[in-house]
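Take a look at this single chain in structure tokens; it is the form predicted alone.
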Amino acid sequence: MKRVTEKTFSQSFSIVGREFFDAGKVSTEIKTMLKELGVDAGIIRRIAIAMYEAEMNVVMYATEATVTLELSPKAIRIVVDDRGPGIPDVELAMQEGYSTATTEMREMGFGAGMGLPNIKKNADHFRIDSVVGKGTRLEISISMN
């Protein structure tokens, strides 16, 4: 059987840290794009949730990030590569309810400690790599089947 390795579609986006006014812009753009491409509504919902949570983590904690969206006949893959403080204890950060949000972030309604767990819940494949002082890379993919 021939394996399909070609990407059908790829696009990059930028997120700027601490820009709360623009928070959610990239996830909305991706959601709209997937709708226009005719992707199943259930898959779009999972991508939108995962992407919004990832975007908010960048806005809250990182300086900036590059998001790469890859769409193939088999899967949607999103890579969020940020420049920021990194996560000292990824295992702890993956626990529901754990948060390092500031008082200011909590007053804006963020920081419930559900971001990374929600990303993992909505992904078929989830990988996180973080280096303290450099940043964090999330790889999220959802099967098209």
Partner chain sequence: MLLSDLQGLLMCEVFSGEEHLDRPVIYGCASDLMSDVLAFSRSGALLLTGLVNVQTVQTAYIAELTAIVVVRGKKPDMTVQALALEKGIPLLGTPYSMYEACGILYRAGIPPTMERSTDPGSTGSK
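Numbering follows the first chain given and starts at 1. All values derive from a computational prediction rather than experimental measurement.
Below, we refer to the form predicted in complex with the partner chain, which is not included among the displayed structures.
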field: The single option of Met56, Ala101, Val79, Ala93 touching the partner chain in the model of the complex, heavy atom within 4.5 Å
entry: Met56
field: Of Arg18, His125, Lys25, Lys134, the one that lies within 4.5 Å of the partner chain in the model of the complex (heavy atoms)
entry: Lys25
field: Distance check, Ile49 to the partner chain in the model of the complex, heavy atom within 4.5 Å
entry: yes
- request: Answer for Tyr61 alone: is it within 4.5 Å of the partner chain in the model of the complex, judged on heavy atom distances?
  value: no
- prompt: So, in the model of the complex, is Lys120 in contact with the partner chain at a 4.5 angstroms heavy atom limit?
  reply: no
- request: Mark Glu107 yes when one of its heavy atoms lies within 4.5 Å of a heavy atom of the partner chain in the model of the complex, and no otherwise.
  value: yes
